[in-house]
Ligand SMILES: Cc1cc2nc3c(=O)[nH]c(=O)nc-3n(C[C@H](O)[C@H](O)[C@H](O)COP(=O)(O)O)c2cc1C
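Only one chain is given next, in structure tokens, and it is the form predicted alone.
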């Protein structure tokens, strides 16, 4: 098969998933891929049309071991006439959950053929200087791994004439016990809403523009608690550091996150 075009679809509030998918597309040597960024609310309003590119690459971050709930309607609306798809999960070095299994089900139901899948690591949303969790990832080595993955996909697909020749198995994942017990949006149980320190803030409005939930009031800069995902894009993108990540039950959360972050995870690739 010949692949000349690609639709690259991603949700990436803090940019880590975007970096990984761009690197994969670069490794596949795709000229001028069509990028579909689902991060801002307007991009997710309308249903997706038929994907007509030669291949699709779909990547999402892992939220509470799953696909972010707000993405389900758009992803389920994708349509394909047996086009190949690469699915990617990006997680904060703690656990990749069941995202690849979820993406495989969604894309196959939409008419795609999954030809490759991978889990990559990005800096955890909860990472701070005091409690660094996968700080600085994806590193240059991570991005090199992603480009190599893209090269592997390109070589693999060029050796086949019919997608029926490909049978990809992704090991079934199980949710950890804590993910089964905790309620939806449990991130709010462990972190406070990142309020803006108005003695530091200069009112530039970057946080308002970049919030994936439009949860920040444009005049007061207050955050709607019921909408906040705890992606902490508003913290990480604020040049003046006017917002901070503050843990609830700080000692307990810090100890748990530090313990789970001891092992530096490596990307997992299925092809």
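Numbering follows the first chain given and starts at 1. Please read these numbers as outputs of a predicted model, since none were measured by experiment.
Here the subject shifts to the form predicted together with this ligand, a form of this protein not shown in this document.
Remark: residue 187 counts among the residues lining this ligand in the predicted bound form, judged by a heavy atom distance of 4.5 Å or less. Shown alone here, residue 238 lies farther than 4.5 Å from this ligand in the predicted bound form, counting heavy atoms only. Although the partner is absent from this view, residue 123 contacts this ligand in the predicted bound form, with a non-hydrogen atom inside 4.5 angstroms. Contact annotation: residue 74 falls outside 4.5 Å of this ligand in the predicted bound form, judged by heavy atom distances. Only one listed stretch (27 to 35, 56 to 64, 217 to 225, 199 to 207) carries heavy atoms within 4.5 Å of this ligand in the predicted bound form, and that stretch is 56 to 64.
With the partner removed from view, the residue among 114, 157, 94, 131 that has a non-hydrogen atom within 4.5 Å of this ligand in the predicted bound form turns out to be 94. In the predicted bound form, this ligand lies within 4.5 angstroms of at least one heavy atom of each of the following residues of 203 to 239: 229, 230, 231, in sequence order.
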